[in-house]
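Taking the form predicted alone, here's one chain by itself in structure tokens.
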Amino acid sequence: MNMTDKSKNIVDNCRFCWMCRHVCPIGNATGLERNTARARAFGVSLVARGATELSELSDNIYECSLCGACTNNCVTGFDPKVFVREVKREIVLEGLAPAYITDLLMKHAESGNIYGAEVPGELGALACESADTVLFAGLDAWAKTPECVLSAMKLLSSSGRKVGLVTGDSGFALHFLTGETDESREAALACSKTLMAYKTVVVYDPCDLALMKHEWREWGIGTPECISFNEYLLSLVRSGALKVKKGNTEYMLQDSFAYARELDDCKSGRELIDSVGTVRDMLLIGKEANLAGHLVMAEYMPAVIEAVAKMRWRDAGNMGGENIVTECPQEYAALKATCPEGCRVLSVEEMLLENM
């Protein structure tokens, strides 16, 4: 198995503090030791030493959400996501991917995306090639939560600014499934060619934005002038273009791991809440936030992702929260599907729209 020295160092230099055991959302949902970052690293080490076959490890590698909770809490200062992505690439290149992963990759080959989805007609009707500023809705957003994209466009329209809509695939899903491969880079390049035609790109999903700011640049792919959806909304609220009203409703923010840990932004969502109501934080917030959902993993581990979402509702309930505000389609979909009676899930744009 081919691994970089960086990955080998991460695999072999654990101090056995076991913090990853306590913070992994998948491990906490399954209760399995194999789902800790250290246990996964130990398995990779066995493969690297020839003590077991890579095929024995493939299922376990795909049980990692790459949310970065282990990285954030690693006292050794290492990033387990690095070796997980490298091993995924090796699994795919050696033809050892589990059948459920192969099925998703086949859908991509046949339809252009892993869900085999087509852009909903109501979103296609909002496309505007003449706009200088566009909202980019990535695959998870338009394929799985089109209602949120429609709400986002309705909100932006109310600001009086001309903002078009571009739907596409940043390469996030393929990168998650295959690591750095020609296929994931090609998807990113195709998306880049489309977005570079615009002056400003407002990126709806922080997972797409994190990929653009990190992997795209590492791959030498042109990155457009882009801003996160949260930051763009804040600019509209601050300027008065979005005329929101301050009320007494308490909202809890479900921090997106991409915003909090990949983009170093734990504030914008809370500032948006503060503009219309009161922030009431749940347990485990900011950079320490637990994952609440993952649309790609829900395709092959639906019961586990459901359990992850229910655990997040437990965290909210323990702090008396009823209204959870999400920052990304992955967590909106999962929390919406598991919403307890008497509670609500709102996307950021839905929260602002109900306070105008």
Partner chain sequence: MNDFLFTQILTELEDAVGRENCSVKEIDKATHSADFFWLSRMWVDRGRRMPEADFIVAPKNAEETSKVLKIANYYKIPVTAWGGGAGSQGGALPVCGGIILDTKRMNEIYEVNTEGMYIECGTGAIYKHIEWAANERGYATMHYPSSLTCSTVGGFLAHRGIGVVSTKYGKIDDMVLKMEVVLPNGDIINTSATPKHAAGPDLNQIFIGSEGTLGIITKAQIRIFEQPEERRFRGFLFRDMTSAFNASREVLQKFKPSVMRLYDEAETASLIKKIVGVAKPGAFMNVAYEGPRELVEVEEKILLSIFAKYGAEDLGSEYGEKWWREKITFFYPGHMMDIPQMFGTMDTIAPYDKIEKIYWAMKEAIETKYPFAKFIAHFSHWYEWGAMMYDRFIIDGEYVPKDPVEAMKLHNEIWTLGIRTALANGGVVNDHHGVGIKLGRMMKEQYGPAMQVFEALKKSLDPNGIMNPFKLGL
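From a predicted model like this one, the values you see are computed outputs, not experimental measurements. Positions refer to the first chain, counted from 1.
This next part talks about the form predicted in complex with its partner chain, which is not shown.
**Q** Thinking of its partner chain in the model of the complex, which stretch from 226 to 234, 167 to 175, 276 to 284, 82 to 90 has heavy atoms inside 4.5 Å of it?
**A** Single hit among the candidates: 276 to 284.
**Q** Under a 4.5 angstroms heavy atom criterion, identify the one residue in Thr200, Thr76, Ser158, Thr194 near its partner chain in the model of the complex.
**A** Comparing distances to its partner chain in the model of the complex, the residue within 4.5 Å is Thr76.
**Q** Does Glu306 make contact with its partner chain in the model of the complex, using a 4.5 Å heavy atom cut-off?
**A** Looking in the model of the complex, residue contacts with its partner chain do not include Glu306, since no heavy atom lies within 4.5 Å.
**Q** Can you tell me if Leu57 lies within 4.5 angstroms of its partner chain in the model of the complex, counting non-hydrogen atoms only?
**A** Yes, Leu57 is a contact residue.
**Q** Using a 4.5 angstroms cut-off on non-hydrogen atoms, would Met19 count as touching its partner chain in the model of the complex?
**A** Because a heavy atom of Met19 falls inside 4.5 Å of its partner chain in the model of the complex, the answer is yes.
**Q** My question is simply whether Lys310 lines the interface with its partner chain in the model of the complex - judged by any non-hydrogen atom within 4.5 Å.
**A** It does not: once its partner chain is placed as it appears in the model of the complex, Lys310 has no heavy atom within 4.5 Å of it.
**Q** If you look in the model of the complex, which residues in 310 to 334 sit within 4.5 Å of its partner chain (heavy atoms)?
**A** Those in contact are Asp315, Asn318, Met319.
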